[in-house]
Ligand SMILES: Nc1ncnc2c1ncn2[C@@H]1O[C@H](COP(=O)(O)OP(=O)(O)O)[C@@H](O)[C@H]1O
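One chain follows as structure tokens, the form predicted alone.
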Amino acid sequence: MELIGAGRASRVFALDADRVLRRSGFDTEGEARLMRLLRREGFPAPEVFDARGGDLVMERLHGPTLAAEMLAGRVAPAETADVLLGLHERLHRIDAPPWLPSASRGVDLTGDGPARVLHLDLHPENVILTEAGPHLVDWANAAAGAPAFDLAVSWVILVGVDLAAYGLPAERIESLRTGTLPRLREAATEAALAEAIRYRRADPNIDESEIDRALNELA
């Protein structure tokens, strides 16, 4: 099998032109169940073919990530924000099923309104730009709760990225940050942002410098 992608907790292999295998160290059956529900609701998540233990076989999406296109300058910062906010808006119209957890990493995700499906890892690396439009992948963190929290987590993830590590000039970094971050922050709430930092800090795979950057922005 050809390794075509790897993250902090999983690896993705190409099975053929239409299918990939994501191999993880955690059970994928709940994630697969949610993705199937989302597909029935018309949300652009990959089709699931099989899920057993840590193995998830799903549709192979063809296209670049939103992150790659943004960093290369082929997608403008404002358009990046449009895509992210558009996916949040579509997702948050979907009522959370009763079996989806409403707490994660010691954080209560419920709010005043009805519980919606939250992705909790919605950032440009997890958006694939296909010919049929943007698709959202990696549903391992999904939960039920308040949409503001999902938006806040996206902001914390993005603000924690060290764009200088990509070799970008200072003016390009400033353009990326000012074109995306304020709109995500405005869509969240201050309370949700504080909770999102606590949620991210509880992730054992997170570098503390990512949290420090988010705290500096909030100060």
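Remember, it's a predicted structure, so these values are computed and weren't measured experimentally. Note that residue numbering follows the sequence shown and begins at 1.
What comes next is about the form predicted together with the ligand, which is not displayed.
Engineer: Contact check in the model of the complex: 5, 12 and 61 versus the ligand, with a cutoff of 4.5 Å between any heavy atoms. Do all three pass?
Structural biologist: So, yes: the whole triplet contacts the ligand.
Engineer: Can you pick out, from 107, 128, 148, 85, the residue that has a heavy atom within 4.5 Å of the ligand in the model of the complex?
Structural biologist: Only one listed residue qualifies here, and that residue is 128.
Engineer: According to a 4.5 angstroms non-hydrogen atom cut-off, is residue 137 in contact with the ligand in the model of the complex?
Structural biologist: Flag for residue 137 set to yes.
Engineer: Although the ligand is absent from this view, report whether residue 46 comes within 4.5 Å of it in the model of the complex, heavy atoms only.
Structural biologist: Residue 46: yes, in contact with the ligand in the model of the complex.
Engineer: Could you tell me if residue 20 has a non-hydrogen atom within 4.5 Å of the ligand in the model of the complex?
Structural biologist: Yes, residue 20 sits close enough to the ligand in the model of the complex that at least one of its heavy atoms falls within 4.5 Å.
Engineer: Determine which one of 120-128, 90-98, 71-79, 107-115 lies within 4.5 Å of the ligand in the model of the complex, judging by heavy atom distances; exactly one does.
Structural biologist: Looking at the other structure, the answer is 120-128.
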